[in-house]
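To begin, one chain is listed below as structure tokens, in the form predicted alone.
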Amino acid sequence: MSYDSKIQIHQSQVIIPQHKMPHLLVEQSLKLEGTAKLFGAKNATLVIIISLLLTKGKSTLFNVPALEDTFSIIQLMNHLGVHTEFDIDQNILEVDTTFVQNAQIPFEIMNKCRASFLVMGALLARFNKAEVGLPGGCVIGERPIDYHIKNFEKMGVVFNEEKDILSGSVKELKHRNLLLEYPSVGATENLVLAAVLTEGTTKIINAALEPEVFDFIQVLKKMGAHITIEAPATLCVTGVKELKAIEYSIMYDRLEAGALLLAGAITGGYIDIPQAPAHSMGLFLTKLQEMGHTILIGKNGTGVKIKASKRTHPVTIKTAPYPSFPTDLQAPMTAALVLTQGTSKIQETVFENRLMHIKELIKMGAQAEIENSVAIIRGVQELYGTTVIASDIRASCALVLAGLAAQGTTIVTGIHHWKRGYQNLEKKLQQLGARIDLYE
């Protein structure tokens, strides 16, 4: 089937029957304009909540996003005996870890969120044992936990796996030099959690150094942990006997900021995000400029404004660990590139299944070819509303962005992913002029 014939089909699908299943309904909304505020970073929040297991006492976290993944981690903490109070209107979470006694978490709790596996390092540090179900999350790739397991074993942990349950135990964790084959964020965080209470100095070589990892490290330092950074990409963790409860405000979400900036880009709008951490968004902002958009950065690297260009240029993107282009902004950026004049190339190197959204964009009239982990995007003049399925958190964002620019009505299903990653983003888009509604 030619691309022209595909477009004709999409034009006939503008009228969409009412859906009974939960969905986002998006109407074409051009020239979004205004100012938007950010919530705390999801990718920092989850590990920071889990890190409180290393303390005994009452901690308070500010700027905590009220996401489905946040609620899943809170449920996990409650199961372990942690007392929590979450003010979702003020985004304040109080966590009391005084009476944690349980080191077992069933599969049905662990399976809700991939970040749940970070509890392994914390429980091994506090109890020298853990029994957990294997983690769940988005279907975007294997995301193997062997990076975690191999290095825990070097620290002396013995593992046993039965069905969906993984048990680990150790008489006493040993400090070691740990080399990661790949700078995995999850493995880095898990090993740090295990090392902060382990006697001696543990070195994590080829560690992930994402901004969210640094926020997590700042939390641990405030608790009393001793952590330094050596070149190249090595975290040195010298164990302490105990960590204290804290108060901490979580960093703003650069990925939510990226989504809002792209909403301005794809609709030809003008959007101001005063809290955007521009200092940690370098290559993403550079690619927006290469596309032709005007980007203004506030003083001290905080705050970003975008004035969208009417004529955009294709770009080449290759995802990789920070400071390269973030995989979590690849799908939203793809939505903008399908309407860019010329041919763009996207190479996904982090997750093997993270191009699934492109098939849904093709339903809307996008022209794209996928071979292995590379997508070739040939820009089109128009997209057309239809029914599409979000396969993961960032795919949900991409499809909503496409819907804002598409003629007619777009219905996005799979909205549990949207709720896992974004707090009321549809309402923020509404305030900028978007015609979008969430139906649950």
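Start at 1 with the first residue shown and count on from there. Model, not experiment: these values are computed from the prediction.
Not pictured, yet referred to below: the form predicted in complex with a small molecule.
- Scanning Ile204, Leu361, Leu288, Ala115 against the small molecule in the predicted bound form with a 4.5 Å heavy atom cut-off leaves one residue, Ala115.
- When the small molecule is considered in the predicted bound form, only one residue from Pro277, Gly239, Gly186, Gly268 comes within 4.5 Å through any heavy atom, namely Gly186.
- The shortest heavy atom separation between Glu131 and the small molecule in the predicted bound form exceeds 4.5 Å.
- Contact annotation for Tyr182: at least one heavy atom lies within 4.5 Å of the small molecule in the predicted bound form.
- Within 4.5 Å of any heavy atom of the small molecule in the predicted bound form lies no heavy atom of Glu256.
- Proximity of Asp146 to the small molecule in the predicted bound form: non-hydrogen atoms within 4.5 Å are present.
- Only one of 39 to 47, 24 to 32, 401 to 409, 378 to 386 places residue heavy atoms within 4.5 angstroms of the small molecule in the predicted bound form, namely 39 to 47.
- Although the small molecule is omitted here, in the predicted bound form all of Glu210, Phe351 and Arg354 have a heavy atom within 4.5 Å of it.
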